[in-house]
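Only one chain is shown below, in structure tokens, and it's the form predicted on its own.
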Amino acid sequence: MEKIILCIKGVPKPGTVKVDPKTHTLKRESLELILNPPDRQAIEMTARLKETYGFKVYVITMGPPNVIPLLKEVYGIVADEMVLLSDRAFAGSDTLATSYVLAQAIKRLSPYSLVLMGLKSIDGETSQVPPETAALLELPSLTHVKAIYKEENSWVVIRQTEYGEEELEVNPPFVASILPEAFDYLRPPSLKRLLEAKVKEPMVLAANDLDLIPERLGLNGSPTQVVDVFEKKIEIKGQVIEGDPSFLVEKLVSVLEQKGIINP
């Protein structure tokens, strides 16, 4: 049976971001994580390909153990097997170091036909991991993909470009990142599959399991260095105005004029 490797990422829930002031990296262990929204398009693409062609699906992610519920959520939608890449040595990885770990893990899951990912993550917005992973695997990289289908012995991929659509014929295996607007409908998890996932645990792979080069991991293996990072603090100051209705109207108009919200 042909195999799809589906890569997902857990990203911080908005409003819960905590930053390590020493390493300038996110404190992922204590974060409330959600499934990276663009990854849902890759999940839907995987589900449609599985329905049509009968793929076996491996969902894979890198992160601390608190990302396991997200793997189980994807298991509830489409996955047959779950793989977690977790090791303290991976902490602080930029896109290149992350792609290195992903590529080495994907090699371990060979043979496979397709590697699918979301176009980008909302906590980085770089869109670099899919093409970097493809380069490390020495595979074709296709970005902004909106459709994939099989035609005889090859695959046809339709991708969005700045000026329209591009249709490509490509032989597997290849890496594709899916356009965030590819599908209008994104299926929810199946209740039956979620119940199955409760008693199923992912395969956990650490650095030693993948024979990784220590110098290419984490902060040491990341050419991108964050100079400074801070948590955004929002202070909201309110003003209480009391009095009879006519006074309140005059006072409110005066305040709005002073702030330039309305013209006198």
Partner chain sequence: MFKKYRLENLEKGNLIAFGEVFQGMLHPSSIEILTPLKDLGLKLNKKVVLVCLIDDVDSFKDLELLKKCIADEIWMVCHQELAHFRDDLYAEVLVEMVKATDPCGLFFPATSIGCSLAPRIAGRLNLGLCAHVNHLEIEDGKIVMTRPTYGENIIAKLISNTSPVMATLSIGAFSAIYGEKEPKFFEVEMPSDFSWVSKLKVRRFTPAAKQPNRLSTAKVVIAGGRGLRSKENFQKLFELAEVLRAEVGATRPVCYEGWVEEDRMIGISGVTVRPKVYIGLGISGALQHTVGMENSEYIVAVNIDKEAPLVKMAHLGLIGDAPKVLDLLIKRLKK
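Each form is matched to the other, and the largest set of C-alpha atoms that superpose within 1.5 Å is called the rigid core. Numbering follows the first chain given and starts at 1. Computed from a predicted structure; not experimentally measured.
Another form exists, predicted in complex with its partner chain; not displayed. Remarks below refer to it.
Can any non-hydrogen atom of Lys72 be found within 4.5 angstroms of its partner chain in the predicted complex? No, no contact at 4.5 Å.
With a cut-off of 4.5 Å between heavy atoms, is Leu186 one of the residues that contacts its partner chain in the predicted complex? Contact check for Leu186: no, nothing within 4.5 Å of its partner chain in the predicted complex.
Report yes if any heavy atom of Val78 sits within 4.5 Å of a heavy atom of its partner chain in the predicted complex; otherwise report no. Taking the distances in the predicted complex, the answer for Val78 is no, it never comes within 4.5 Å of its partner chain.
Contact label in the predicted complex: Met203 to its partner chain, heavy atom within 4.5 Å: No, no contact at 4.5 Å.
Which single stretch, out of 187-195, 84-92, 140-148, 108-116, brings residue heavy atoms within 4.5 Å of its partner chain in the predicted complex? Comparing against its partner chain in the predicted complex, the contact stretch is 140-148.
With its partner chain taken in the predicted complex, which residues across 104-136 come within 4.5 angstroms through any non-hydrogen atom? If the 4.5 Å heavy-atom criterion is applied to its partner chain in the predicted complex, 104-136 yields Lys120, Ile122, Asp123, Gly124, Glu125, Thr126, Ser127, Gln128, Pro131, Glu132, Ala134, Ala135, Leu136.
With both forms fitted on the core, give yes or no for whether the Cα of Gln239 moves by 2 angstroms or more between this form and the one not shown. Shift at Gln239: 2 Å or more after core fit.
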